[in-house]
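One chain is shown next in structure tokens, namely the form predicted on its own.
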Amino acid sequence: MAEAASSAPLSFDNFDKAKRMQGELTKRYFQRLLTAKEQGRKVGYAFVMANPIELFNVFDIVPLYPEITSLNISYRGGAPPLISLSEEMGYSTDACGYVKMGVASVTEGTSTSIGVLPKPDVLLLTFSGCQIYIHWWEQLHYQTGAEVLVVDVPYVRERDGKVPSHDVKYVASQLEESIPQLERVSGKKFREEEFRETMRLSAEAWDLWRKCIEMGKLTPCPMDAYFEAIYYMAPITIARGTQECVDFYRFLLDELNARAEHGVGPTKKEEYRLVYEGVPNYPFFKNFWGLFREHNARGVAATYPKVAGMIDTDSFRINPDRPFESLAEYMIHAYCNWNMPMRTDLIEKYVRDYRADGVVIHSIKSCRSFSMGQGDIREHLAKDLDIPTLLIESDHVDPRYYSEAQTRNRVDAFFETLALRKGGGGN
């Protein structure tokens, strides 16, 4: 019996431990966050895009990302009461779901499915997104009294992605000028060697993460570069600049290599290879993923995991020897900071380099930074390049804008088209 058990083929569960590891890492992060004030630590609110968490690390400021707390609350089904509270406060149904949940989460007396979120000591505004983000931070300032630290981040304007040196200097100088304010808020002095060390750890984690997501070029792809990557991308934001983050991506890379070696993946087999654009639907995340898993489709590349930074391009690399300039380059290259031609070219490149069968664009009602231009991108891919492209719409946190029946109909019709192009029938 022992020999029979040992010769049995390994299941996917044997190679799916990184998700549990990510879950434990996230729990530790929330525990640190929720107990920060009790421990005498300061809390800084920041955006996922273009955040210089390495500076927070030096000053022992615990970062809180309202986008991340909101998506986690939404994933757990806790979005409706927060959205309702914000709309009772006067926010429009058309306002960004992240903004409404973020404002409601820090309203006095509010408890979320995560817990009671700590009030900020500093609001780090790295503007690299919608105009409403500025008003969001302004509202949080009025609600909490926390001071605002602004770092203006210019858009990438050239189609080839080149960033003028004066733009890098502009952002880097703002980061350096922020040090006295962070020293005052935290009560700690800036330590340049510690800053370089946290930048070194960030560089190591980024390089490992890049190797992970580029495994989508393998056939079959050993992971889903959209739906699974939603789990895997968390540490690069909440734990960047730490050994814990490096260890996670080293473990993940080893696990993905083992998947590739044993020929296992997140679906029974790989029938379709897809590129994804857009933010996922968090309230119905598993059901949404299931619509594609039923067709044995795997995401081989996606834009969303690059929202914090474009780590799978040669546009930048973190260099601890030039920490401020390198951090500035990272901030400038947040995905939503790219111009529309660059984002369109990137999707085309993914289709070509990852040998994809089609593109799925999930356009969400709340996020203008992601959703603007997606209709034009879809027209270009489908009509000019003859790339099968599915555009579906819902929201990332508001469950009122998702209909599984309607979405299923569109997804099933898309796969019928892909099956015909492949010369076969349905599944």
Partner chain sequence: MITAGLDIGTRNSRAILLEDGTKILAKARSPTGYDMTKVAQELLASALASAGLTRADIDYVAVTGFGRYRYEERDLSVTEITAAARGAKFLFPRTTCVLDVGAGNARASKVDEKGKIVKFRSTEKCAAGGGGFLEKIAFYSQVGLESLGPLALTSKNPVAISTVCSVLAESEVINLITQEVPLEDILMGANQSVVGRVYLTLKQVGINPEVTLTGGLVENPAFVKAFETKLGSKLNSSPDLYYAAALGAAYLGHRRLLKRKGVGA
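Positions refer to the first chain, counted from 1. From a predicted model like this one, the values you see are computed outputs, not experimental measurements.
Another form exists, predicted in complex with its partner chain; not displayed. Remarks below refer to it.
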query: Heavy atom of Asp353 within 4.5 Å of its partner chain in the predicted complex; finding: no
query: 4.5 angstroms heavy atom contact with its partner chain in the predicted complex for Tyr231; finding: no
query: Its partner chain contact in the predicted complex: Ser11, any heavy atom under 4.5 Å; finding: no
query: 4.5 Å heavy atom contact, Arg400 and its partner chain in the predicted complex; finding: yes
query: Candidate site Ser84, Glu88 and Tyr91: all three near its partner chain in the predicted complex by heavy atom within 4.5 Å; finding: yes
query: Segment that reaches its partner chain in the predicted complex - one of 392-400, 64-72, 23-31, 36-44, heavy atoms within 4.5 Å; finding: 392-400
query: Members of 350-371 lying within 4.5 angstroms of its partner chain, judged by heavy atom, in the predicted complex; finding: Lys365
